[in-house]
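Quick setup: one chain, the form predicted alone, written in structure tokens, and binding and motion questions come after.
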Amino acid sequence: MKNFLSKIPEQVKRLSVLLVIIVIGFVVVTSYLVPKDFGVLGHYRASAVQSNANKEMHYAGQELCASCHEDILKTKMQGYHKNLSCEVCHGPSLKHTDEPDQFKPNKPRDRKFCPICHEYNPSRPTGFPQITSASHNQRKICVTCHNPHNPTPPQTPKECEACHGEIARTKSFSAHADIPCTRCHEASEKHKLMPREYLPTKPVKREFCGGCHATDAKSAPEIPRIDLATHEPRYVCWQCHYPHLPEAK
């Protein structure tokens, strides 16, 4: 036996000890730490279903809200908040459905509430309505101008930066700062109201940027120039240069 063990490589011995420890640990965990009803109904404790059912309910759900507030739901379903549950803004309202006169749902009136979702944040999706609350209609609560159930702006934004704040801030430091957005993008008026349904265009040919940057372009002499025929001819310019901050590297 000693001769046999001496022939086993040291690495195999160490791995064998580790394997034994893992097996023992698995047996201990499954025998003493895992609940007996785990896996009976799925990858969870079967008794968890009843445990959750026994918890006190606080939320009514939008369907129950709609049973009394049909007019508000109709307005809400036509607006940008149609997929937002009523109780996201009004808080748990089950007691209100049982005793509506005694328990009133919360009505947010603090300017800090709506900016939880709409304060400018570069990580938010492009086109998501954002504001800088420090300068946006100061001292007015949001519902003064916006119907929270259909918060379409009372006036359609005239400038692109109303929704594209991050791009506007980046572009302001760029050589393209003075170029209007519509020089490169065509956007219908419907884009301002339904931005995801009506997307603006963007240049698809190299000749567009070449209108200013080609060697024979009739533009200001200080503008950087390239030979369209030899400068990375397989690519459209914005595949290498971010157009809102296109400084070459």
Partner chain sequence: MEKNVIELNKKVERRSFLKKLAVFALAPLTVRILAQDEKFKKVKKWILDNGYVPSDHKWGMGIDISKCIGCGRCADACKNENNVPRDPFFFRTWVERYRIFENGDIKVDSPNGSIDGFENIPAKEKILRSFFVPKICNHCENPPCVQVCPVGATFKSEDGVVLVDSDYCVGCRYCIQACPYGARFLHPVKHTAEKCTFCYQRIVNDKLPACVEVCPTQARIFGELNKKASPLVRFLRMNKIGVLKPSLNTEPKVYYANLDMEVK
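Not measured: the values here are computed from a predicted model. Residue numbers count along the first chain shown, from 1. By rigid core we mean the largest C-alpha set that fits within 1.5 Å across both forms.
The following text describes the form predicted in complex with its partner chain, which does not appear among the structures shown.
In summary, the region of this chain contacting its partner chain in the predicted bound form, judged by heavy atoms within 4.5 Å and restricted to 60-68, 184-192, 214-222, 201-209, corresponds to 60-68. The contact with its partner chain in the predicted bound form, taken as any heavy atom within 4.5 Å, belongs to I116 out of A134, A177, C145, I116.
Among residues of the shown chain, V88 is one whose heavy atoms approach its partner chain to within 4.5 Å in the predicted bound form.
Contact between E56 and its partner chain in the predicted bound form is found at the 4.5 Å heavy atom cutoff. Of the heavy atoms in K95, none are within 4.5 Å of its partner chain in the predicted bound form. Although the partner is absent here, S123 lies within 4.5 Å of its partner chain in the predicted bound form, judged by heavy atoms.
K36: CA moves 2 Å or more between this form and the one not shown after rigid-core fitting. In a rigid-core overlay of the protein, V204 has its C-alpha displaced by under 2 Å between this form and the one not shown. The rigid-core alignment places the CA of V20 2 Å or more apart between this form and the one not shown.
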